[in-house]
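Just one chain follows, in the form predicted alone, and it is written as structure tokens.
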């Protein structure tokens, strides 16, 4: 909550009517509110707006401008790394919708991502002697990569809605093992274990995303082109998820998460709410899986295992449960931290880049940091990096007063 809903001013009803409707006035700065306290609202719509303050709008525009400039100054590998951040953020938002907002613990995210990746490969990949492929445009295979996992999630959801907590976690964990076995055996679709298949062709409306293009006198590499496409998809899906959480369905998610019995008493359909949460989350996972394969370059059944599910669980736990911004922060942390640890191997003597040599290998240090940070955030700051940001922001807003 970023603002405070105030009582109407004396003699002037808020919103111009007895119900204080949508035309409620904004009590800020020069219009009768407290000077220097612009975050006072008299309408629910103004309070719940995504960019409800000038500072938010200014910082968002500045951040978007920086993100759009980065491919022109970064190397190709760093550009691909930031592209992976966008893709992980999409997957993290999907997991946050079901686990953070709806309170349904899911460990089956990797299964739905794999399902999306293979759906994209079938619809958008080229057929060979060993695998099937339709070679369709990205405008077709990308939505299908979300729709097919969502349909499978819709079928699984009635079972998942019957249990909760640890039992639901075990049930969704079973999806990962079942899916990994199916992926290995369905050779005409996946290419089989140890072989895999090529991803879908990244051709959008006839525009080949693997080619270089001239923009304003600059040559855009194929990594930069794909970066901008993923950024656009990420923005659309993040705003859609943010709006979803502010809607009636989003409030139903929160009600089921906080106390499902009370939500049922208030008229919230538990079966319908949990099913929709599972379906929407699967859609986001499928889109993320289809895009992630384009960065990896080749998809094999072993890519979609339990470790990938844990990575996405770390995204929302470290970034922040039940926040879209936290999903983005967590994705950036999980994707960029291994690169940072690898850089430390050159300057810290006890970190080795090769397994079996030195006191700690890079992979071991990454695993230990993941585990330690998850424990630290769960104990000290359950809202993750987003919670830390809220603490810092509130401190400076209240400064020099501590309370």
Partner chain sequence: MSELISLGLIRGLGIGSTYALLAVGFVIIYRATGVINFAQPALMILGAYVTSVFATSVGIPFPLAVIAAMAVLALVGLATERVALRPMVGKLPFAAAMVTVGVFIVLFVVAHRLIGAQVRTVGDPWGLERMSVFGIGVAQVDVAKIVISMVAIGAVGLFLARSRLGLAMRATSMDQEVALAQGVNVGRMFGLAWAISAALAALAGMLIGTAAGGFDAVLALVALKALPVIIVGGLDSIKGAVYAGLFIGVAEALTRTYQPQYAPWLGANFDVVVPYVIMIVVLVFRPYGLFGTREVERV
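Bear in mind that the values here come from a model prediction, so they are computed numbers and not experimental data. Positions refer to the first chain, counted from 1.
What comes next is about the form predicted together with its partner chain, which does not appear here.
Residue 63 falls outside the set of residues with a heavy atom inside 4.5 Å of its partner chain in the predicted complex. When its partner chain is considered in the predicted complex, residue 49 lies well away from it, no heavy atom lying within 4.5 Å. In the predicted complex, no heavy atom of residue 45 sits within 4.5 Å of its partner chain.
The closest non-hydrogen atom of residue 198 lies beyond 4.5 Å of its partner chain in the predicted complex. Partner contacts here mean any heavy atom within 4.5 Å of its partner chain in the predicted complex, and among 207-215, 312-320, 290-298, 73-81 they occur only in 312-320. Taking a 4.5 Å heavy atom cutoff to its partner chain in the predicted complex, the contact residue among 347, 368, 58, 69 is 368. Proximity of 126, 131 and 140 to its partner chain in the predicted complex is absent: no residue of the three has a non-hydrogen atom within 4.5 angstroms.
With contact defined as any non-hydrogen atom lying within 4.5 angstroms of its partner chain in the predicted complex, 99 is the only contacting residue in 87-104.
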